[in-house]
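In the block that follows, a single chain appears as structure tokens, in the form predicted on its own.
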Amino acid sequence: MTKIIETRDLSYSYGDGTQAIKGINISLDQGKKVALVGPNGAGKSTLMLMMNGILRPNSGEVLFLGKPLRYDAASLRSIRRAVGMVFQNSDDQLFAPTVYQDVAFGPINLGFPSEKVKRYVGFALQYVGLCGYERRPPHHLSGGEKKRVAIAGILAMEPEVMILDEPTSNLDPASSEEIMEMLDELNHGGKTLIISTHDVELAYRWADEVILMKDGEVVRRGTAQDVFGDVDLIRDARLKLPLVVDIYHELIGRGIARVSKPPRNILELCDLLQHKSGDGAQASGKIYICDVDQVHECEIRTLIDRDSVSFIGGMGTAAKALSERCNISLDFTYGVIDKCILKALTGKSALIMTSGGMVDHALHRIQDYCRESGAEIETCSLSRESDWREC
């Protein structure tokens, strides 16, 4: 794995003498989803601000792709293009009179020609689902829409890494899930994602790697199951356990579960309980995976009517836009893959509507689940007309 960001003996103190970061040494792999977790004052935001040069360490260094950050104007402009940051409060990041001008600010400052600026802004707004918002004033938007504009402003600069400080702060549950799903899409498109969060449920199910911080230091790093599996450490950091981990430990205490690691999600928890009860699994339903960028709308309707699809899930901006346009009611708009697996295990058929790299991601997730659990779920990936005839 390529190390994309590293810190070596990194320390930082604020002007009032508060030491926010104390000798941190970490390295982050390219293409990963990383969550920094910890209580208030742990140093998460300060560490993130040093990763793209907004703050300069008092001692130690930050490296990007093996090269130490330099702090002259040209070097900072370069690193902030490669490592984009979305702040916790979107109002701190949005200042232009219109959405278009806000998203275009970064590319213009980077010296992109006007035609390239227009093209990149259009792509970024389409990606975050805000086509048609170009002339709107950002301060008239909802919290979730403001967050999308802030993300679009970073996307328009083509970063390799995106850093998001509390990406779901002050958002309603549906908007929070949509933002995290968008980050999943970006990750499967090749971007390295780093977030800070107090939301242990989010960090536990989303991150490839969790870094637990306390009092300016890294106290534990590893997979979500490794970090949140250390109950005493999580409580010492003044965090709560994710609900599924809490239930798992209750099951352990009652002698119902004996597996070595807690489940990552509801699907794994259900498998654990079913295995313990000894109930035999019934015949599985079928999961269709549809690439909405390549399949005509009428063909989707035909599939739903012809094959008696019981449940429909939409992943990504394109899928949700199509469902609105075609008046297709979505049963699942987040956690789509696992929810469709759960329904298939009860003998129901489900359709996952998505696009791009998320098509292969959904297929591989189902295949991995079947291999690990021993379940047999028939899948059909639909991206071309010939695929429909075969299914």
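For clarity, every value in this text was computed on a predicted model and none was experimentally measured. Numbering starts at 1 and follows the sequence shown.
Below, we refer to the form predicted in complex with a small molecule, which is not included among the displayed structures.
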{"query": "Of 35, 366, 350, 42, the one that lies within 4.5 Å of the small molecule in the predicted bound form (heavy atoms)", "finding": "42"}
{"query": "One stretch from 358 to 366, 329 to 337, 26 to 34, 44 to 52 that, in the predicted bound form, holds residues within 4.5 Å of the small molecule by heavy atom", "finding": "44 to 52"}
{"query": "Contact flag, residue 372 vs the small molecule in the predicted bound form, heavy atom cut 4.5 Å", "finding": "no"}
{"query": "Residue 383: touches the small molecule in the predicted bound form, heavy atom cutoff 4.5 angstroms", "finding": "no"}
{"query": "Residue 376, heavy atom within 4.5 angstroms of the small molecule in the predicted bound form", "finding": "no"}
